[in-house]
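Taken one at a time, structure 1 and structure 2 that follow are two forms of one protein chain, written as structure tokens.
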Structure 1
Amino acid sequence: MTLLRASIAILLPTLLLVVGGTAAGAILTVRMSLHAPGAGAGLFEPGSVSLSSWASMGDAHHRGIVLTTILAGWGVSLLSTAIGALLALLAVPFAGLRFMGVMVLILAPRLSGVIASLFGLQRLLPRGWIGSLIAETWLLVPYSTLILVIALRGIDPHLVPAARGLGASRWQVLRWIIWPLSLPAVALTLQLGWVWGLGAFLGPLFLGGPDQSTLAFEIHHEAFDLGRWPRAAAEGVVLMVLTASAMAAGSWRPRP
């Protein structure tokens, strides 16, 4: 019992710091969204209460942004899962140092840092929704692949030889064995891609055109370029709600 009490005591400050920090941020964002916009150079009117920022959330401009954000979520989700599956299938048959080598190449976009990635992507990709979708996917693919590689390596290594020995072709092995057994991991990468895509920021910022504005991009734009803090905060709340509902929807499983 003393051990339990000690462990609770040890965890409490961390819990307060981590949960408190994140939650306080969310709560203060909600409060900020209820401020009146500042007059002149001011960012917001301290102490004021106003729904003016929320009133603008329903206009055509914001409806378009929310739609783009949701589409980005689905696009990144599908694309990163498909590419991740391809790369995971490529990596898994290797063993030892060769496997490590392929994994380093797969993880390179993550391991090499965001500046190098963005610089190269900006040089290579066309501006527009295709470029920004590819850039977002490119940044996520290492994670998706990692999840799928772990799942594929968890499959009993004898199942594939067993299926091949029973006369199944390579495609049949993929369809009848690998695919059904990796479905839970595929669902997880789809969810991860969805949540990640909803927060799409770097892609639209560096590669998107004026029509590819997502919520995350708009938050940054309102806050830093236009200095309208309450509006940025209201958009932030919308983004948090979208993300939370995506996570809730992704965690739902049909009961057996």
Structure 2
Amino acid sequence: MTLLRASIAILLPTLLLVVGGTAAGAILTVRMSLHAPGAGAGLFEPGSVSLSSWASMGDAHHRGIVLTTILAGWGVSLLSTAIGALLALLAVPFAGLRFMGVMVLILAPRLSGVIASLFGLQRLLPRGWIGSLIAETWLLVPYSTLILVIALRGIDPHLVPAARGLGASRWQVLRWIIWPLSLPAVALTLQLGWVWGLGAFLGPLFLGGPDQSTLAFEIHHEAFDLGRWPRAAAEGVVLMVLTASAMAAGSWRPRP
């Protein structure tokens, strides 16, 4: 048995579990979205088929939520990648214990706990679109930075001194060497931020206002606060489509 076949055989149960679980969840969500709303204390009418939940997806309320979700995805993607790139460029020149110390500081938002970080941000940021966007970006930046640090440290260390020796400025080195070689990692962080932002929940929950409801937040509200599971499932299907679109769009990787 070759190494590739052995690896596939070892990973096959996990892959089947992930694929099967994802497919089962998607199918059950679609089916739930086609149930009639529950009467009285019921969450839905078992065995029923209704498009009433889908009919509400086109109203102004849900159009606004979908637009807010898309904007959150783009905003978190661009902001987390930009901040991650800046932090990565600052961290790469360090080595040894200093590098480890810098990385600990960068990863601090994840090491301190999500809830603790968000409670702290509540004291510093105003509620609204800006606060919600910064909160989601704050949670993602450590991952984006880590990806970009790994990519930058993988660049041949002889290229920069050679370019500088040939008369290239720092800006030219960044523009013509570091930037092209880091493009695959940048594309990955953009995709990661896009998907993360589409599923934004904690940021809108802790720092958002009524006009900053995303699909993830609205699904929770419809299902657990209002008990309207079919409508929450319809919103979940819309979110799945948006996420799948982001994954498909992000599957392209520029060549360095």
Partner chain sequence: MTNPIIVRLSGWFVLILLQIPLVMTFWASFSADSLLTLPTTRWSMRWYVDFINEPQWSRAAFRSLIAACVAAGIAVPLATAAAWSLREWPQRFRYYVLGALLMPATVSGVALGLGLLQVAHALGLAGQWPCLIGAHTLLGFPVALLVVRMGFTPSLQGLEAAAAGLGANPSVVAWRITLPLLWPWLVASAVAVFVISLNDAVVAVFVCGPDTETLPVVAWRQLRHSAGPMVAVAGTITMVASLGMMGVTTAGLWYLRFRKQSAGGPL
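When a residue number appears, read it as a position in the sequence of structure 1, where counting begins at 1. C-alpha atoms forming the largest set that superposes within 1.5 Å between two forms make up the rigid core. All values reported here derive from a predicted model rather than from experimental measurement.
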{"item": "Number of the structure representing the form predicted alone", "value": "2"}
{"item": "Exceeds or equals 2 Å, Cα of A244 between structure 1 and structure 2, core fit", "value": "no"}
{"item": "For L17, CA displacement between structure 1 and structure 2 after the core is overlaid, in Å", "value": "3.6"}
